[in-house]
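There is one chain below, alone, in structure tokens, taken in the form predicted on its own.
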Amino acid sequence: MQQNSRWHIMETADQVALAVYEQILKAAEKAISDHGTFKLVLAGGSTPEKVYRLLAEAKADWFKWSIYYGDERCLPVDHKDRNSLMAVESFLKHVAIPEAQIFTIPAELGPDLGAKEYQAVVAAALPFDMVLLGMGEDGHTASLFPGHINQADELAHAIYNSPKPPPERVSISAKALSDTEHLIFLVTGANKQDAVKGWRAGDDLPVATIVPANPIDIYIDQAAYDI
């Protein structure tokens, strides 16, 4: 089981989203007070989208936020399955974060060049203030999949042969995702139960490779945790 973790069990996915939304705003306020900026890494998926829709209605010091992405699919920039497009539509186009402070992964360039360019972005950003991550039913997070071998010292990886389409992606590495003040996992849905059991049992899953210095906060709904 993940030793450095706090599990927050909610009844519904909507409650998970609300709790995470509240934690993001608290972390942003503290980070801006401490060092003048808030560097947030976004996750893809349906539960994070609920969080982003809440943030779109919030009042915050948006000019001091900087946005990054945990991973991206190698698709055209306007493709409906891009994480960046979902974040723009649900959140970013509704708030006043300067465009120059939104660091989209250039995955449309392909895995190798996209990863190379994003490595420089990540290197300039570290440490992050908060990283949001989801978990797939196979225990993957971002685009770090079971059985894939990546260079441990890279800050971003070129991903090939993803078991979920599209096969080519770019992902921030476990090393870089771990370099954050706050790390939050959002886990919802009954289809995650087996992966949650494995994670808690200490199985070798990608989610278990994210090991920040501070405790991880795992926000999970009852359907996913019902074990």
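Worth saying up front: this structure is predicted, and the values here are computed from it rather than measured. Start at 1 and count along the sequence shown; that's the residue number.
Although not depicted, the form predicted together with a small molecule is the subject of the following passage.
By the 4.5 Å heavy atom rule, the three marked residues T104, P106 and H157 all fail to count as contacting the small molecule in the predicted complex. In the predicted complex, the small molecule sits within 4.5 Å of a heavy atom belonging to T47. Among heavy atoms of G114, none comes within 4.5 Å of the small molecule in the predicted complex. Interface membership of K192, defined by any non-hydrogen atom within 4.5 Å of the small molecule in the predicted complex, is confirmed. By the criterion of a heavy atom within 4.5 Å, V131 is excluded from the residues contacting the small molecule in the predicted complex.
With the small molecule omitted here, the record of contacts in the predicted complex names 164 to 172 of 23 to 31, 197 to 205, 58 to 66, 164 to 172, defined by a heavy atom within 4.5 Å.
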